[in-house]
Every structure is written in structure tokens, then in C-alpha cells.
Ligand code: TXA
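Coming up is one lone chain in C-alpha cells, specifically the form predicted alone.
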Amino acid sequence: MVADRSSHTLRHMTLITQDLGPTEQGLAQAVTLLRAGGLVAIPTETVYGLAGDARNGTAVARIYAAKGRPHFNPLIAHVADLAMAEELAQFDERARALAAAFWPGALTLVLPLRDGAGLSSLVTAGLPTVAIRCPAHPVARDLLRAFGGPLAAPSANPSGRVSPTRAEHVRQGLAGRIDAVLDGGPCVVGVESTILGLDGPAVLLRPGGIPLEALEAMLGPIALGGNAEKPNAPGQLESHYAPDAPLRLNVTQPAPDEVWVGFGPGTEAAPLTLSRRGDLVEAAANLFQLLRDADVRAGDAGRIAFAPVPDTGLGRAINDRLRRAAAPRPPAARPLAARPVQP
């Protein structure tokens, strides 16, 4: 664990990142690390998350530092159940109905922060709202129950890079920066959670693992929102999920220097495919692994090209991630210096 040198500054040092299995012993070690302010990458059904105690300001600051994440970009608080969620946020009838329908699962709700919630202000980026989710992965649920409190857990990768859907992806990006990786196998959904703002009229802030159509079936029409300049939920930055190689979208005829990633009939010649049969569920589960595979094939001089993907259902989330991966890259973010912060 990173040790205090003074009451104001934490030393940067290379950590020995432990590999933990989804066993009783592995879960107990993960809980011990988290209660001591450590960082543990955990499996969820969407992607692996970098978890820290959401009520420990120093632990949350370490998340930002490990990822090199801009401090104005809020985090999601992960909870074991609705009762824990209601200790942190104010739920109305809409929120309770959605939680009953989609939790545990790939839906994050942005709700008014409850007075006395005790969350570090870094989790909410100082906003009067909190993004909150109850994950469905059995290992994440067991861990949250054993820990007994909320865990802040953005994706367990360097900020802006391809999200991790396997434990080895986490190690490739964060080994030496975090305390442990809890291996729960591949993530079955493969794209991050859908984020819905409910601190006023319902607004889709990020498409994800729950299709917009399923939410509109309960709530009626939902506006589209999100602000890359002043994000009020994760996943809104213009450039995100990026491989090293440049990316081109909606490509039906790739150039000679492009690694083509196909989707559906008519792309049989593509060396990689999101789904040969055009299955959006399969495509979402494959997306981030294929971004990594295509990046390796492209090498230093090549590019990546993706075939068109329908912009409906999970296709909306897939296209959102691809557009952000293809966006112009900002200058490398300077990591936020880890420092003690009042919860």
C-alpha cells in the first residue's frame, strides 16, 4: 500500500499488485485491502472496476492518481442492494421502479445526493448528485456485502484507454499502481453501464448495457444529454476508450493499411469480427477485446477500421464507445496527485 510521508502528501511508489481468486480467502484479502484504503480491481458484468472505499477520501484520490483521471470526472458508487443505495441518494418513484426492474444489473442512476451520505466529495466531483449502481456479477456482489459499504469503481484502466473486460487487461494497464486484482473471469456484458440522470426529467447520460428502448418502455421518451466539458457522470469525455492506432468508423471498404473489424453478413473478409451473425449482444461482449486485438495487429504504422453497426439497442452503446475511441486525442492527462481528502 502507498504509505504516508506527511499529513499532506502521499509518496508515489511501485506497488506489488496481488492476484486474488474469487475464493473465500481472496474475497477476505480484498476486503482487508479496501478497508485499509487500498485499491482492488474487481469484476463486474460490464467491465472490471477499480474499487476503493467511497467514504475514504485518500482511497478515492488514489483511484484518480492510479488512472490519471481528471478530477472533474465523477465516479460511480457501487452498492450491494437498494437499501445501501438509499443511504446515499434520494430515490423517487421512478428510481425505485427502475431499480426493481434492472438491479442488480448494468444501469447507473444519477440521483440527488442524500445529506449525511458520507461519500468523499471526489466521488461526486463536488456535484449535488451521485451516480450509483448495484452490479450483477456474483463476485462483486459477494465483495460488496462483505465490505459492508459503497465502493467507488470506475473502469480499471488508465484514463481514456480501452476498458478492461478480463483480469489480464487490468494487469496490462495498472500493475504496479494498485494493490490487487480480483479475477472473476471475462465480463459477460462487455460495455459499461447505461447512465440515466433522474435529478429532474429523465436524461440518458451514457448509453450502455441496458438499451434505451427498455428504459423508455417504463418511463416514456427520454432526452439525450451529457456534457464533455462539465461531465455530471462518467463516460462523457469526447475522447475515451482509445487504442494506440487511429480509428475509422462505418467502413465497408478498408484501406490496405487498416485492420478491418467486421459486423454481420457481408464482412466475412474481415480478419476480426464483432459478430459474424450480426448479434449486438455478442458484439458488445467482444468490443473492448477486439479493440485491443486490432491495436496489436495494426502495430506502429497501421490503422483500425470498423464496419457499420446498427445504432439501436446495444448498438447505441457500441457506437458511442467507437465514436469516443475515434475522437481526436487530447494531450496526455497529468495524474492527479494523491492526497488526503476529507470524506
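Worth saying up front: this structure is predicted, and the values here are computed from it rather than measured. Residue numbers here begin at 1 and follow the sequence given.
What comes next is about the form predicted together with this ligand, which does not appear here.
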| query | finding |
| --- | --- |
| Ser193 within 4.5 Å of this ligand in the predicted complex, heavy atoms | yes |
| In the predicted complex, Pro207 touching this ligand (heavy atom, 4.5 Å) | no |
| Thr267, heavy atom within 4.5 angstroms of this ligand in the predicted complex | no |
| Phe306 within 4.5 Å of this ligand in the predicted complex, heavy atoms | no |
| Among 146 to 154, 258 to 266, 244 to 252, 177 to 185, the region lying within 4.5 Å of this ligand in the predicted complex by heavy atom distance | 146 to 154 |
| Single option in Leu127, Met84, Ala117, Val203 placed near this ligand in the predicted complex, where near means a heavy atom within 4.5 Å | Leu127 |
| Partner contacts for 100 to 128, taking this ligand in the predicted complex and a 4.5 Å heavy atom cut-off | Thr108, Val110, Leu127 |
